[in-house]
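The data below hold one chain only, encoded as structure tokens and taken in the form predicted on its own.
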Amino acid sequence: MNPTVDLLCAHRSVRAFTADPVPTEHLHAAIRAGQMASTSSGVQACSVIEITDPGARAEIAELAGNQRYVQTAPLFLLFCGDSRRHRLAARAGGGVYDTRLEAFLVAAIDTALFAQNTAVAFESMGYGICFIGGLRNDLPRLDRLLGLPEGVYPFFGMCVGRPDPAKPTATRPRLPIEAVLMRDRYADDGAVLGAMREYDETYREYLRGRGAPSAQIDASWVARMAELHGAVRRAGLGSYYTGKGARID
């Protein structure tokens, strides 16, 4: 349709990188693009920490589930919801910081929008990226490692680098548009399930193209989602974030 849409539709997660560094000017350009994402009432409730210390990288890779590319990618960024600045502003003005769930939601939304802009900016420069949610496996450990202050909420990381041409990755297919684009009201369950079943076949073809094991190919996306959402994962997230000053009331 146009180069921007083509770039967005070509996104894929990259986990193998060349050793080429990411120049500071490219990092700054991508972060600047991230800053230009929409932000509720201009609050800009996001900060990014570039992790350069090899020991810290190694520990984050371990706590994220031994994802080696966290340690080896040329660039690793930690995206955090940030209410620290607003707390300091309230204190400087002689007031109190007293916002509830809305402020935490704004921080989460702002951070996601910021990070997506940043990712697209990097991809437009020929880099590959991979979001890392696995660091939420052990947020207290991450917190101790980085000494994060109250009001700073680590949400996810991002690996960045030039994709290794020897290890190409395919674009993962998405649900059919009928499953996500609705008109006037939410679709009935039969229509939603039908679109999901259609996607099962598309997803199996993708897995076959990747050379996935037959057991993985035979398991449907629907079955995988049932398994994924049938048990509590990362049960300590609520207590961690409230311990960092988030309110959920």
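None of these values were measured; they are calculated from a predicted model. The first residue of the sequence shown is number 1, and the count goes up from there.
One more form of this protein should be noted, the form predicted together with a small molecule, which is absent from this view; the next part is about it.
K.L.:
Could you spot which one of 149, 176, 133, 140 gets a heavy atom to within 4.5 Å of the small molecule in the predicted complex?
P.N.:
Residue within 4.5 Å of the partner: 133.
K.L.:
Between the options 144, 91, 172, 85, which residue brings a heavy atom to within 4.5 Å of the small molecule in the predicted complex?
P.N.:
Exactly one listed residue reaches within 4.5 Å, namely 172.
K.L.:
Of the listed stretches (160-168, 77-85, 99-107, 125-133), which one has a non-hydrogen atom within 4.5 Å of the small molecule in the predicted complex?
P.N.:
Only one stretch qualifies here: 125-133.
K.L.:
Applying a 4.5 Å heavy atom distance criterion, does residue 13 contact the small molecule in the predicted complex?
P.N.:
Yes, residue 13 is a contact residue.
K.L.:
For residue 69, is any heavy atom within 4.5 Å of the small molecule in the predicted complex, or not?
P.N.:
Yes, residue 69 is a contact residue.
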